[in-house]
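Only one chain is included here, represented as structure tokens and corresponding to the form predicted alone.
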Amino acid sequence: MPLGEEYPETREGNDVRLTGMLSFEKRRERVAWLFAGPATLLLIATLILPSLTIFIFALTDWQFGQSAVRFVGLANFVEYFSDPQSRQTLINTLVYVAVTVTGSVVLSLSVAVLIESLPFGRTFFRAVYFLPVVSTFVAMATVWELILHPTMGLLNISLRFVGLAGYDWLHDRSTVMPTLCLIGIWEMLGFNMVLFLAGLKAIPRDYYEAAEIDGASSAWSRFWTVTWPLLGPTTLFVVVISAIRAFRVFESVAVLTRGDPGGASDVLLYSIYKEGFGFLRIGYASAITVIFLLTLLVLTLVQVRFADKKVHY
């Protein structure tokens, strides 16, 4: 038999094994689709199709209850960006995101490090800081209204007690957005703290001992040489999650200010609600929703792209 030619029985055996492997792979593929099929259908029905519908509505002038729908192209987007009040809404949202994300990340990391360094009482402080996360914000907004009331509010009473003038925190253009940002930081503090606590727990104690041997004797130097670099993945995750949550701000504006005074506290999500369910302009509200989704997507990608380069895994 020529060199390199296989025996017939060997070639047939290889063909049988190959056929068996192909049939096994097909069975595995069918089983995989059987398990993934329901989740895929649910994803298409609840996410992809509604998103496509929003994009289609954004190109029309449809109003709720109107039978006739007219295709207007990009007219809704042109109207939005040509309106100074709408542009202010976008600026308010970006300012809110920048302030609340920065403030909540810095404060939650500080609180997590302080709680982790306590010799006792850790469980108590974790529960205290986590309470806003498990509380209904609409109910907590009533408490904030009482605290920030211009005449009977606890904050203004305390300021007048020390000789300072009180403010109408929620109805003054100069104070309404900083006040909402502080409330947003308070709302996200507990959740971010828990994430940082989990990241701190994952850092081996041996690293701190090695850093101390190398000369990092103070708590501050150990934080910069060990804690902060090893918290890189956790910090990136917290920043992205906090930005998404900040972009979704709605309850505080809807309950406390309703976008007043004069649109100074209006944000994208409340503007969508107002245009869609207040004025029934579904087409225009859909265009704002598209702007909202695209802005959120772009900022998230930018955060991940640039912050990921500075993360130590």
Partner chain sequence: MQSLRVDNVRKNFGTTKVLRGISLDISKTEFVALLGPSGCGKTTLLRIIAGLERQDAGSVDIAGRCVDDLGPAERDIALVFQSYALYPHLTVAQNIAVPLVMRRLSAVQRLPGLSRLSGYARTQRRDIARDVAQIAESMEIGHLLDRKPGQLSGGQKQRVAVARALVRKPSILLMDEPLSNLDAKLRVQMRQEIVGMHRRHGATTVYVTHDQTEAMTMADRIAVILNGELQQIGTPAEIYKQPASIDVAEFVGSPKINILPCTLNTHGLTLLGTAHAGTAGLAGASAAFIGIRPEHVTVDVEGEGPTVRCKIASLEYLGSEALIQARVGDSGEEICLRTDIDVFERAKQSDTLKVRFSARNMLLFGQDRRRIDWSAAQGTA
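Positions refer to the first chain, counted from 1. Quantities reported herein were computed from a predicted structural model and do not represent experimental measurements.
Missing here is the form predicted together with the partner chain; even so, the following discussion is about that form.
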From Thr93, Thr235, Thr179, Thr225: within 4.5 Å of the partner chain in the predicted bound form by heavy atoms is Thr225
Position in contact with the partner chain when the complex is considered in the predicted bound form, options Gln88, Ser221, Thr102, Thr175, heavy atoms within 4.5 Å
Ser221
Looking in the predicted bound form, any heavy atom of Pro150 within 4.5 Å of the partner chain?
no
Does the partner chain come within 4.5 Å of any heavy atom of Tyr207 in the predicted bound form?
yes
Is there a non-hydrogen atom of Ile213 within 4.5 angstroms of a non-hydrogen atom of the partner chain in the predicted bound form?
yes
Is Gly166 one of the residues lying within 4.5 Å of the partner chain in the predicted bound form, judged by heavy atom distances?
no
Since the chain is shown here on its own, which stretch among 102 to 110, 77 to 85, 166 to 174, 213 to 221 would lie within 4.5 Å of the partner chain in the predicted bound form, judged by heavy atoms?
213 to 221
